[in-house]
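Below sits a lone chain in structure tokens, taken as the form predicted alone.
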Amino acid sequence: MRHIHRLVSRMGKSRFPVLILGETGTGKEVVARAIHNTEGRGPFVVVDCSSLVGPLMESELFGYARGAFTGAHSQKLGLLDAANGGTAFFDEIGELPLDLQMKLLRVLQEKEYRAIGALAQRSSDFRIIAATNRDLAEEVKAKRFREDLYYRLNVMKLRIAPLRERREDVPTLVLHFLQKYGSGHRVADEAMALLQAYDWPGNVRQLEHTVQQMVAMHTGPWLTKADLGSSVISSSLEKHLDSQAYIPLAEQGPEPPLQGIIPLAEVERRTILHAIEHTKGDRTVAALLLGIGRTTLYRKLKEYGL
């Protein structure tokens, strides 16, 4: 995070294009805003390339003149006009169709464009910051992304590593989100260890939502592993089982298997006992292993005197 902060500070002092690479949820827009806010010049306009398709995207980008098509009762300015004097952030630019890639390249070169149905050219001087979760170099080879636009964007490049590659950042991020959403909450060491061990396929965005859920569902000051989401617990359980060989109950004692038909209650009692021993007393993981809720497990433990 400190390394990214240094790069952001350096990039924010220029007006050159920036290309941000990273998986979904790594915080590409947060970094783009930080680059823009370094100097704070003009507006910051987000262009979500993944949510706009076809003619809708062209009208959103360039705007349209009155009477350009049915329903165009008045002139509409596009996102590029709104970004004039500031920054246009093209999120997931790898989703931009080839025809619009060509038009965007012309805008970047000439600083001019024409709204749909308009005769006169409009000008817009903005800095472009583009982000994508795709490998644009491979997209260029596959002819899905224009090579000239790629080199135009790839002046300054920043890669944001996924959270699983920078686990040392997890405690700092958790503290940040607790300050944002919590009310004096703190995370127990055991829970923090599980948060750091998790792979976070949704990256920082998923971590933020997990902290929100923990705070929302717990009223006390301490957040423990019992407050973690099911995905984190399940991952911990899988790693726990992978690291230990499973020993069938009949092979481990100390109780020998009963002869003949075993009463159902005795089967349940011994299965619960085995689950508790196997997880070294971790009742949350034991409940998940047994496929029952923690409340049910506690009731069964009391019922069987365990």
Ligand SMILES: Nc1ncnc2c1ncn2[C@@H]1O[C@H](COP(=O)(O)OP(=O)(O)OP(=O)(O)O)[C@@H](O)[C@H]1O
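Sequential numbering from 1, following the sequence displayed. If you're wondering where the values come from, they're calculated on a predicted model, not measured in any experiment.
The form predicted in complex with the ligand exists for this protein as well; it is not shown, and the discussion that follows is about that form.
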item	value
4.5 angstroms heavy atom contact with the ligand in the model of the complex for residue 27	yes
Residue contact check: residue 223 to the ligand in the model of the complex, 4.5 Å heavy atom	no
Contact label in the model of the complex: residue 23 to the ligand, heavy atom within 4.5 Å	yes
Residue 1: touches the ligand in the model of the complex, heavy atom cutoff 4.5 angstroms	yes
In the model of the complex, the one of 158, 173, 149, 228 near the ligand [non-hydrogen atom within 4.5 angstroms]	173
Selected contact from 115, 204, 191, 83, since only one has a non-hydrogen atom within 4.5 angstroms of the ligand in the model of the complex	204
Segment that reaches the ligand in the model of the complex - one of 99-107, 210-218, 174-182, 138-146, heavy atoms within 4.5 Å	174-182
